[in-house]
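Quick heads-up: it's one chain on its own, the form predicted alone, in structure tokens.
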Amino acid sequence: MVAEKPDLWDRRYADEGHIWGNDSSPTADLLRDTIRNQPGKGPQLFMLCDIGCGYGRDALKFAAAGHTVLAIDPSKKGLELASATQRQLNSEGLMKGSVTFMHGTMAHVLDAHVGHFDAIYSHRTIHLLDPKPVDDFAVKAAERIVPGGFLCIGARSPKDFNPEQMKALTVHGKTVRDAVYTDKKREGHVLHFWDKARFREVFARDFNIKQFVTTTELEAVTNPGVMTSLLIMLAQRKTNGSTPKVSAG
């Protein structure tokens, strides 16, 4: 889970390590349960892409279960932590599949990767990105996911707006969609909250939205009294209309 400001996240990973613990995220849990139930395809035949993998807590669990994972993040420190855990799991013989960690942005990996994914997922990343990069991601994801494949995204919801820590930048009715932190620890850090309407605006053209899940998660294990409100979208690549622009590789 890193975007836009790698230096900020490098510092957080250096100071806090595995910020959200080692359990898988609710976004990854939803995708895992979905692909387990796919008829006619064994659970170890999935090619997955993790956008904003951080220290690899989700990517490594998918790989340990037998999947092939490409995991991208702009934080070098986060990827160092992920690689250290990967080496430990390999030494213990616990990796049934494989994971490749790549340093860069989500646009970079989707431009560079040749081939298709059965699913792309991202947890607590797109709310850190401005609208234009997210719009570009929606287009690129549709090009890279096989028809019928899945897109699963978890982002901070408007319920997470805290007027004691943040200043609203955009208000639609009573829904805060954008805010900036005002407290000194994260001053200037912008959040773009995601509600169902925002997900539909960005992704409904190329994806059938199958499910929304509302949930919470610790803001950080170092801050156990604070919960983050999340909205997770599970969508499926439409099988009609435009087809992916690249050939399978």
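It should be emphasised that the depicted structure is a prediction, and the values quoted were computed from it without experimental measurement. Residue numbers here begin at 1 and follow the sequence given.
Same protein, other form: the form predicted together with a small molecule, not shown, and the subject of what follows.
Handout entry: Partner-facing stretch of 198-206, 51-59, 176-184, 220-228, counted where any non-hydrogen atom is within 4.5 angstroms of the small molecule in the predicted complex
Key = Answer to the contact question: 51-59.
Handout entry: Heavy atom within 4.5 Å of the small molecule in the predicted complex - the one residue of Leu81, Met166, Leu128, Leu110 that qualifies
Key = Spelling it out, the residue with a heavy atom inside the cut-off is Leu128.
Handout entry: The single option of Ala155, Ile120, Met106, Val99 touching the small molecule in the predicted complex, heavy atom within 4.5 Å
Key = Among Ala155, Ile120, Met106, Val99, a heavy atom within 4.5 Å of the small molecule in the predicted complex occurs only for Met106.
Handout entry: the small molecule contact in the predicted complex: His116, any heavy atom under 4.5 Å
Key = Looking in the predicted complex, residue contacts with the small molecule do not include His116, since no heavy atom lies within 4.5 Å.
Handout entry: 4.5 Å heavy atom contact, Arg124 and the small molecule in the predicted complex
Key = Arg124: contacts the small molecule in the predicted complex.
Problem - Phe46, Gly148 and Phe150 all contacting the small molecule in the predicted complex, non-hydrogen atom within 4.5 Å - result: No residue of the spot touches the small molecule in the predicted complex.
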